[in-house]
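For reference, the chain that follows is the form predicted on its own, supplied as structure tokens.
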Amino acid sequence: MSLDQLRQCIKDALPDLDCVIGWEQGHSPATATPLFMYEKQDVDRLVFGPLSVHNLATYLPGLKGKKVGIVVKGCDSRAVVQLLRENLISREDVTIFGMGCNGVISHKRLNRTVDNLDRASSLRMDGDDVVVTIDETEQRVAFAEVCPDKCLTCTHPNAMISDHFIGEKSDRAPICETPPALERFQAMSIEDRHAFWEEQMSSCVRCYACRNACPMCVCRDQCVAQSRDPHWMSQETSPRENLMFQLAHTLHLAGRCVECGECERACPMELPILLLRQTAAAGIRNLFGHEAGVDPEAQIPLLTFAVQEANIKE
């Protein structure tokens, strides 16, 4: 019943807002897409569940100055906290409808696992399984096989900041401590890591979907990847130049990335881009004990300076 409660809460708040951002069913029962609600009748299209994948906080900086409501899961709320911390949005302009999350589904993984997904007529959760009905036949897959890795290690399933928290809080516990891809990557030698990224970057088409989907990447027209004056980076799509762009992007996000995985979800070449961000985030945690988007008052390590850092011995 929390969806009904959420819809009513948004309808009550909408007269004082320019719009509220949530999700609606996409082109099939196996997808959802962002929904911008301006009128009360728009709210009836709102859905919330394991297909509510997009981090809607990405839209907030572009709507700065307007009164905006937003529906957030735990990882989304971390992006809102981080945007507030960096003064990229104003708290008085944003109304936050917080929800508990039991994990989301990766459409790419589901599409690889379920045959003829484009013919799905329904999708539902049944305990730890995802049940998809196709041609009146049910296909059942384990949720852990089709969720993004971020859900396996999630320690913040509930919205960490909200004006209205709707429904019960999720008590979902992490399945593992370290993201599986990061664990495999950390076990590689330096040479193997280099070869791994050289192979991955040979497929990158520099479409910038990873950058555009990132809630913390707000430079847009001033991005060093496309600047002509100064001309920091070429547009050549060689593995070397592609990796240069990704490393610059990763360093730009160090201590700021909330590991929502939107970069990887948006990548049309299915590159493991989140792995770069997770590697940087793990380093930041180890060195500075900092986790982005958790504490609204926390200093961002690479945006401040201390004469002596506790975990850096020189």
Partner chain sequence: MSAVPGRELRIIGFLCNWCSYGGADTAGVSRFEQPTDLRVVRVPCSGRIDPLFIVRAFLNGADGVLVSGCHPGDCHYSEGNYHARRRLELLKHLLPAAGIDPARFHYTWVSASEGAKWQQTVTDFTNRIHELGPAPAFCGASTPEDWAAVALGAANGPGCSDHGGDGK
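Residue numbers count along the first chain shown, from 1. What you are looking at is a predicted structure, and each value in this text was computed from that prediction instead of being measured.
There is also a form predicted together with its partner chain; it is not shown, and the following applies to it.
- 199 is the sole member of 126, 163, 86, 199 with a non-hydrogen atom within 4.5 Å of its partner chain in the predicted complex.
- Distance criterion of 4.5 Å from any heavy atom to its partner chain in the predicted complex singles out 233 from the list 134, 152, 233, 217.
- Contact with its partner chain, judged by heavy atoms within 4.5 Å in the predicted complex, is confined among 45-53, 264-272, 284-292, 28-36 to 284-292.
- Proximity of residue 14 to its partner chain in the predicted complex falls outside the 4.5 Å heavy atom cutoff.
- A residue is said to contact a partner when one of its heavy atoms sits within 4.5 Å of a partner heavy atom; residue 9 fails this definition for its partner chain in the predicted complex, lying far away.
- Interface residue remark: residue 280 is counted as part of the site for its partner chain in the predicted complex, having a heavy atom within 4.5 Å.
- Contact annotation for residue 92: none of its heavy atoms lies within 4.5 Å of its partner chain in the predicted complex.
- The candidate spot formed by 191, 240 and 304 lies fully in contact with its partner chain in the predicted complex, as each residue has a heavy atom within 4.5 Å of it.
- Residues of 80-118 are not found to place any heavy atom within 4.5 Å of its partner chain in the predicted complex.
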